[in-house]
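Encoded as structure tokens, the following chain is the form predicted alone, with no partner shown.
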């Protein structure tokens, strides 16, 4: 599969998706109210499980809050400089509150369900991320760049306190928006073995060697970092075994335990 361009069938939407890349350097000019409204309207039109809209969006406007998030999210100053920041929350809190206020106990022969589980969390995360990506594509169509911040999962206790997040919420995605300060070039994407037919196919030894070679050519054309001999080794050291991933995994466990316990 060729993932470098829109392919033989194309239209403006496919071309926009093909050329989009993350933006981390922003023109300081704020987005207009109409631009914000258009992006939010697109996000709210995204598909959602059972039409329950299992997400909420926090617009982060206060500079002090953006500054703090930039520190908590693995010290990334561009977050503080972004003209607009949206946090997409997986959110069952609004429904558990509605259930309690609506007297669901009155319609149950037995005790009503009160436990919010892992399946509820996964479904709500899907809703939130679908809405986030819809916002990203809408912004791109307006000439507004974006960058996902996965590190918002880190330092869970402090993020939850900063944003006053109740227990049945989870920061599924944070996205920075702003006009690119300089032209962007699409980042190469690797397509081999990503699309399977009917069943999952694990790579053979020969396939893994070829994938490692092609990944190195795509992402490290000037050579590998010192101390590694293949691109998978570089990813292991820089991502999988990094201190920030250790913190992310610790915080993810805290978020999930907090979600299922249901206590602030």
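Predicted model only: the values in this text are computed from it and were never measured. Residue numbers count along the first chain shown, from 1.
Not pictured, yet referred to below: the form predicted together with a further copy of the same chain.
Heavy atoms within 4.5 Å of a further copy of the same chain in the model of the complex: does residue 25 have any? No, residue 25 stays farther than 4.5 Å from a further copy of the same chain in the model of the complex.
So in the model of the complex, is a further copy of the same chain close enough to residue 83 to count as touching (4.5 Å, heavy atoms)? Answer no; every heavy atom of residue 83 is more than 4.5 Å from a further copy of the same chain in the model of the complex.
Would residue 190 count as a contact of a further copy of the same chain in the model of the complex, using a 4.5 angstroms cut-off between non-hydrogen atoms? Looking in the model of the complex, residue contacts with a further copy of the same chain include residue 190, since a heavy atom lies within 4.5 Å.
With the partner left out of view, is residue 60 within 4.5 angstroms of a further copy of the same chain in the model of the complex by any non-hydrogen atom? Result yes; residue 60 sits at the interface with a further copy of the same chain in the model of the complex.
Going through 25-56, which residues have a heavy atom within 4.5 Å of a further copy of the same chain in the model of the complex? Please give them in sequence order. Contacting residues: 34, 35, 37, 38, 40, 41, 42, 44, 45, 46, 47, 48, 50, 51, 52, 53, 55, 56.
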